[in-house]
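Listed next as structure tokens is one chain, alone, in the form predicted alone.
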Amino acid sequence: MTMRYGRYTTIVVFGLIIAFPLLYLLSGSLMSFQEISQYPPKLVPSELIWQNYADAWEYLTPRTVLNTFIFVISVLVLQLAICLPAGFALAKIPIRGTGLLLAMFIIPIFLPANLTLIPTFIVTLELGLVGSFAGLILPVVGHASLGILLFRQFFATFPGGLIEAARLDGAGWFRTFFSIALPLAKPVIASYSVVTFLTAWNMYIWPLVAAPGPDTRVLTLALAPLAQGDFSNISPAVSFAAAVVAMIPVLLVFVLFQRWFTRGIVGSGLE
């Protein structure tokens, strides 16, 4: 009994330590300017200042939130449309030179993102897409190597008997993919969707160089002026409130797909 209480106490203590930054962010977002600026730091607000969230919403604006959802969902849908059939084809359809194709997909994963930033920007500029949603979205969609390899790994572990039975029944590769493989790939699709959603939601450098204008600005660009510390005339409590607002969609996506996310990671062999 004593060991059980000790184990529970240890879990609670470590849980509080891990959750402390998030709890302080929520607490600080409801403090007044005087409370959040005092030293030593105050952990619990004496009065809940909900006006901080109203002020933060004025900086973020509904248009910025809409732009972010357009950017993130477009990247997610287009990458799934590319990665799923490509992964299935590499895993199940006999193709000459599959090993060479896999090597070509692996190489871009090891290239630093900063190394490809300037060439990607030059190509986007030459195509006249800078400052548009197309210029913001399409270059990000092109970084699909990891997704193709992830789905290829999942479909490679697929029972071959199911595919052969569908082929013997006269199903073509497209029907086999949509009717047999795709419905059974929900866990790995969910896990990839969570990771892609989170990555696109937190992108800063590419949206900054490709589409910084007010018509295409995303949340990370709107948050940047709120995080300049002593050089900003905006209350840190308002910055905390803006960070909480920007974090809510990510938390909702992870909570909703947590079960599928775990099953997908295990099923894809990436544990």
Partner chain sequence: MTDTRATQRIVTRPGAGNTPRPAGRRAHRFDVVAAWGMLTPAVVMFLTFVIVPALVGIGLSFTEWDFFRPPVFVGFDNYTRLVSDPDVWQALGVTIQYVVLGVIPTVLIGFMMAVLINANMPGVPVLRVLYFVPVVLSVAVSAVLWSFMYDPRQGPIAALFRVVDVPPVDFLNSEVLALPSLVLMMIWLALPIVIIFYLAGLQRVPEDIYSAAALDGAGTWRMLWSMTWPNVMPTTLVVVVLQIINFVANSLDVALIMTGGGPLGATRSLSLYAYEQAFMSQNVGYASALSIFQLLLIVGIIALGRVLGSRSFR
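Because the structure is a prediction, the values reported are computed rather than measured. Positions refer to the first chain, counted from 1.
The same protein also exists as the form predicted together with the partner chain; that form is not shown, yet it is the one meant from here on.
Proximity to the partner chain in the model of the complex holds for all of M104, T124 and E164, with the criterion being a heavy atom within 4.5 Å. Contact between L208 and the partner chain in the model of the complex is found at the 4.5 Å heavy atom cutoff.
Looking at F177, you'd find a heavy atom of it within 4.5 angstroms of the partner chain in the model of the complex.
Contact annotation for T220: at least one heavy atom lies within 4.5 Å of the partner chain in the model of the complex. The closest heavy atom approach of L76 to the partner chain in the model of the complex falls outside 4.5 Å. With the partner chain left out of view, the stretch that reaches within 4.5 Å of it through heavy atoms in the model of the complex is, among 106-114, 68-76, 184-192, 155-163, 106-114. Contacts of stretch 81-104 with the partner chain in the model of the complex, defined by any heavy atom lying within 4.5 Å, are made by I82, P85, A86, F88, A89, L90, I93, P94, I95, L101, M104, listed in sequence order.
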